[in-house]
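Below you'll find only one chain, the form predicted on its own, shown as structure tokens.
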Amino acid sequence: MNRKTQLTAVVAMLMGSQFALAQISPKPIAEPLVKHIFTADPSAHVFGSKIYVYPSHDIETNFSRDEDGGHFDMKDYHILSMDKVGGKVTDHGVALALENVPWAARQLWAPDATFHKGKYYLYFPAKDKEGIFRIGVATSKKPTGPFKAEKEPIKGSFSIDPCIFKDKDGSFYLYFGGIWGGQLQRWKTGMYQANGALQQANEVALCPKVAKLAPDMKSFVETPKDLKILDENGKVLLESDNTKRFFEAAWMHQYKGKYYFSYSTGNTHLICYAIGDSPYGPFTYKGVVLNPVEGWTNHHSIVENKGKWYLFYHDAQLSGKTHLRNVKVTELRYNPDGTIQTITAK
């Protein structure tokens, strides 16, 4: 065999290997909702006849990557809408910008929204001038904004990832919290401690927080409480249970009279869920909603529309970069006993 023939054979072999890899590489079950901007952390809601998605808006940054998420340096929010899942998605432009939040210094992370008495409320975390994450609120007459931020964050708020939930009696609750860069470990005593340490493996895992909102929708009526997540034996999860314990990305929904609290396990990259009988819990761990996706983070929401349930989530398909993500949606299904069927997205 001469050299030319050998090279031809090698090229053919490589091309064949690439084809084989392409054949066995898993195809994502969903495509990004939009591709002209990077989006993450989708909070989806049905207002009227439309689905509205309130995501983070990822951008390139000059901040280096670190365990506190300094490279997630988002500066505004864009709101997406669609008439139905699978239909045309509209980007309504900038709904709120960092420069228009009087108390905030940087990092507009994962938001959520709700509607009450003719007004839309956008809840969002940001670092204040001292570098402490607080949760703010902004209002608008339209679900797409623009939103006007309050001059101060919600008194008594801290950490990240607010989720606003309306109970069947009309009460509203705000769920929030995130460890590591979300600073929840700095509030273990009820007061901010800059050097607050993460839990050790044998310690009880840090709990997400919940507080009932006042009628003005802009303040708490109580000091935020721990939302306990239990194992099948009724024991509070430990930090070592890091495929089950809470890390960030709180979400609450109801299904057949039960409360479903779902969340991210962070460094083990799962979206899990637990079920309870009260908006305050306790909640018993039940399983995995979504297996790991491409990228380090995940953050989701669960919403019903026209008789079907959907999971909104993000991955890094478009960029391959942890901090430049894209929002997706796929159908979510329940088993007859009310447990959720685990989704593998790739």
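On a predicted model such as this, the values are computed, not experimentally measured, just so you know. Residues carry their position along the shown sequence, with the first being 1.
The next section is about a form of this same protein that is not shown, the form predicted in complex with a small molecule.
Among the residues F261, W109, Y123, F246, the one placing a heavy atom within 4.5 Å of the small molecule in the predicted complex is W109.
The contact residue chosen from L174, I160, C272, L206 relative to the small molecule in the predicted complex is I160, the criterion being a non-hydrogen atom within 4.5 angstroms. Judged against the small molecule in the predicted complex with a 4.5 angstroms heavy atom cut-off, the residues Y54, S301 and K328 are out of contact without exception. The partner is not drawn, yet in the predicted complex one stretch among 148 to 156, 87 to 95, 193 to 201, 248 to 256 has residues with heavy atoms inside 4.5 Å of the small molecule: 248 to 256. Within 4.5 Å of any heavy atom of the small molecule in the predicted complex lies no heavy atom of V137. A residue is said to contact a partner when one of its heavy atoms sits within 4.5 Å of a partner heavy atom; Q317 fails this definition for the small molecule in the predicted complex, lying far away. At a distance threshold of 4.5 angstroms between non-hydrogen atoms, M74 is in contact with the small molecule in the predicted complex.
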